[in-house]
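A single chain, nothing else alongside it, follows as structure tokens in the form predicted on its own.
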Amino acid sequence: MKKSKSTETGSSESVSILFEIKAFFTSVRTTVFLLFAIAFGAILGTIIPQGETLDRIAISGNPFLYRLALIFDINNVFRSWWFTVLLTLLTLNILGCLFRRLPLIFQDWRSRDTKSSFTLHFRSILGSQELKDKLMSVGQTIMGSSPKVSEAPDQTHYSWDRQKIYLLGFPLIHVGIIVILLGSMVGAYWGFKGHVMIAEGDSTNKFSLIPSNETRKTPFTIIVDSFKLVKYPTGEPKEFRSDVRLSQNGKDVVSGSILVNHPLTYEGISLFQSDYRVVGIKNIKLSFKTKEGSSSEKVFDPHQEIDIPGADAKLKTLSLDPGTMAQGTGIQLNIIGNTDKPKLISIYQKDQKTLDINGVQIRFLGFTPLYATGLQIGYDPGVRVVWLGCSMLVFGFILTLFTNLQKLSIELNSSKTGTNVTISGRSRKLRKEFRQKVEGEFLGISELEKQN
């Protein structure tokens, strides 16, 4: 007998534990808690700089921050173990809520749910068939379709269902959220993000992973044809754009312009405009005025040695001088040939006086910088899964907001003194309006006498 009691106790404890687990994963409180926890994690991931390596955090000299990063991955929140656990629990919680409601949805879809939001009782002295025809006609007018009919001795039942598609809204919303969560986890663990800096005219298929700086290769070569920078009158950047081509197996497969928030995507890999920097000089522009008064301008490569028109000398650019606000940008020139000027000389854009070389007046007009464009490379294999989930979510909301499940049931019970009529109905939305419509239509039949 003791053994039996022990067995019963153990069994009841197991049932109790299973019940607690089921209650946890089907509770709305659990959903609210998990949503707040995930929102808190997302805030941390936004405030705390992401992508820092543990080595850099260790160098910073903050041991507490290093321990947090080591245990909780606060430098990589969205791929951390605890954020993944929260997303997994939320997925299971939504699944639990969905499975709890599915039997009721199936029952409602098959019209086995007998719940009603209102019930009306009438009595008629009409003959059975005449009454049936009138009631069916009114029901069809209200619901816009023919009823399902079931008959038994002295009893007839009519039932209508309208816009049952409303019932799909709830499962679509929940499944859509689950699909979005799964897609985000797929992208977080199997996707990557990197960065590459490419000068105008150069090409590469290598990039550095963020944050590990590990070198990876793209399945295509990125060729930067040009980089264009547009500035405001104040000198601040207004727009920067990279014109690129992607080459695979020696052939160009796609080309286009990459701007901020306008990436170029090929084979699931997206190239985003990230930043830029000046890495050299593309060309220099000088003006020359000879003794005879003829003027000319020359645009040339900074490494190119050119003749000075009207002078027995040549010049070559050695370096670019940022200068000052008063002077403007300048260049250092190497003068080659018979001249009374020093071989090395600097001239600036804002100089009032020109450089005189053997009677030829030289003025520095400006230069075209050579830019390197910074491209962020991203690959997210879960993006299509996320789009699928978003589509399901939107369609589920449309069904929930713009459709309305309505049910109408009429039951006739015949007796020797007349026919008892019971009319019941249910509307998921606008319940009061639906009842008033049904009551008004059926009270219009003069042979029906409402029973209180």
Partner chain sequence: MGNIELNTYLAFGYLLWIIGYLITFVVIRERTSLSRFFWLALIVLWILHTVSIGLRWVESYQLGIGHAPLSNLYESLVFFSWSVALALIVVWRRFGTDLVALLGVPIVFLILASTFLIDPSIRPLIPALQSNWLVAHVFTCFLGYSGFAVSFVAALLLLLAKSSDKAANLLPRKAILDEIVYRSIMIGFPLLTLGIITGAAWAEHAWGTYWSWDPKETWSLVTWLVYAGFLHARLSRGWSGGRTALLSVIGFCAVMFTYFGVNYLPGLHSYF
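Positions refer to the first chain, counted from 1. We call the rigid core whatever largest set of C-alpha positions still superposes within 1.5 Å between the two forms. The structure presented is a predicted model; accordingly, all values stated were derived computationally and were not measured.
The form predicted in complex with the partner chain exists for this protein as well; it is not shown, and the discussion that follows is about that form.
Residue contact with the partner chain in the predicted bound form: Leu430 places a heavy atom within 4.5 Å of it. Proximity of Gln376 to the partner chain in the predicted bound form: non-hydrogen atoms within 4.5 Å are present.
Shown alone here, Pro237 lies within 4.5 Å of the partner chain in the predicted bound form, counting heavy atoms only. Contact annotation: Lys193 falls within 4.5 Å of the partner chain in the predicted bound form, judged by heavy atom distances. With the partner omitted here, the stretch from 149-157, 130-138, 298-306, 239-247 that lies within 4.5 Å of the partner chain by heavy atoms in the predicted bound form is 239-247. The listed set Ile281, Ile177, Leu355, Ile335 contains one residue whose heavy atoms approach the partner chain in the predicted bound form to within 4.5 Å, identified as Ile177. Along 349-386, residues Gln376, Asp380, Val383, Val386 each place a heavy atom within 4.5 Å of the partner chain in the predicted bound form. Taking 2 Å as the criterion, Leu135 does not count as shifted between the shown form and the other one: its C-alpha moves by less than this amount when the rigid core is aligned. Residue displacement note: Pro237 has its CA displaced by at least 2 Å between the shown form and the other one (rigid core superposed). Pro263: CA moves 2 Å or more between the shown form and the other one after rigid-core fitting.
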